[in-house]
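Consider the single chain below, provided in structure tokens and representing the form predicted alone.
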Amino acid sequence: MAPPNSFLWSRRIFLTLLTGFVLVPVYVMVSSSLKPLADVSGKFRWVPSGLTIRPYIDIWSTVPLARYFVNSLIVAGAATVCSVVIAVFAAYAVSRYEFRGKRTFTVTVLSTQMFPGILFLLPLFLIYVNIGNATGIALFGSRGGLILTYLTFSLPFSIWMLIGYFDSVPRDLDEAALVDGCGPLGALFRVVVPAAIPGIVAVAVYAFMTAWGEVLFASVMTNDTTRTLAVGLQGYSTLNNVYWNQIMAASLVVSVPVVAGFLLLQRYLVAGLTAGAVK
């Protein structure tokens, strides 16, 4: 039975409004990034009077955007690799083996997601400062300290996601690999990991996106040398002026790696999230 015309038109109107709600901010960003500063600072015009690519050139000299870009790539990439590697081993152990404290471990991993990030900011700051004073290892103001900080909230979620995904992989595959002469690690890397690629990709994308756009910890745990993109964008706002066109241009440039990675890995991401959510 075909749906009534009122339902079809209501759906079309709703989808049109939703599309406009999503695309209008993108249009404002793109158009503002192509305007001279005088046009952006004045009354907003939906149709620009003139277009220029100068803001995309000036963003690299107004602030050291290239250095911030490299810092973000290193921090987000290292946090992603560490989260995926540790989460694969931890989730495989929880999914395939029985051991004392297993339930306590899984509940603890999941419960860490209940607390806001700002709750850990001051304790981590004090820990890093005290470690630096006692051992000389500079965690505060370093990329390594920021990577460890991001692991505190990306790793628990990654483990929880992969536990659900590994549970959906039949145990018969592990047993067949063991019969063929593989050890536990051989079964993991030759059988389970290839079957769990969508879930691993979903975890990697989550960890990267979390580290790439994080502001709270990066604004406290970094200095001028280790500052990341999310915090470095504040440099376009000075005491004398706010370079709105460069802010919009830099925001678009910053979002390119995340958007490109999401579009390339969308198929794996959707499969991994849906499979890991159902046991």
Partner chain sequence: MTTTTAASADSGERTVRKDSPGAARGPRRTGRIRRIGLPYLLLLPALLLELLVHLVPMVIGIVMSFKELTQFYIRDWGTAPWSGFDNYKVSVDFSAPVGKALLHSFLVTVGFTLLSVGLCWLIGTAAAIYMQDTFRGRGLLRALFLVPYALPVYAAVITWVFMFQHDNGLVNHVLHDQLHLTDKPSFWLIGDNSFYALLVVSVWKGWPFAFLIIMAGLQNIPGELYEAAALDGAGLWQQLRRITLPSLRPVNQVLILVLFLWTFNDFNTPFVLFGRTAPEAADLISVHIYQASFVTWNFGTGSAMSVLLLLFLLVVTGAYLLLTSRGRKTADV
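Residue numbers count along the first chain shown, from 1. Worth saying up front: this structure is predicted, and the values here are computed from it rather than measured.
Not on display, but discussed next: the form predicted in complex with the partner chain.
Q: Assess the spot marked by 48, 52 and 142: is the partner chain within 4.5 Å of a heavy atom from every one of these residues in the predicted complex?
A: No: no residue has a heavy atom within 4.5 Å of the partner.
Q: Check each of 121, 193, 84, 78 and return the one that places a heavy atom within 4.5 angstroms of the partner chain in the predicted complex.
A: In short, 121.
Q: Are any of the heavy atoms in residue 238 no more than 4.5 Å from a heavy atom of the partner chain in the predicted complex?
A: No.
Q: Can you tell me if residue 74 lies within 4.5 angstroms of the partner chain in the predicted complex, counting non-hydrogen atoms only?
A: Because no heavy atom of residue 74 falls inside 4.5 Å of the partner chain in the predicted complex, the answer is no.
Q: Look up in the predicted complex whether residue 176 has a non-hydrogen atom within 4.5 angstroms of the partner chain, and give yes or no.
A: Yes, residue 176 is a contact residue.
Q: Under a 4.5 Å heavy atom criterion, is residue 170 part of the interface with the partner chain in the predicted complex?
A: Close contact exists here: in the predicted complex, residue 170 approaches the partner chain to within 4.5 Å, heavy atoms only.
Q: Heavy atoms within 4.5 Å of the partner chain in the predicted complex is the criterion; list the residues of 24-49 that meet it.
A: Going through 24-49 in order - heavy atoms within 4.5 Å of the partner chain in the predicted complex - the hits are 24, 25, 26, 28, 29, 32, 40, 41, 42, 43, 44, 46.
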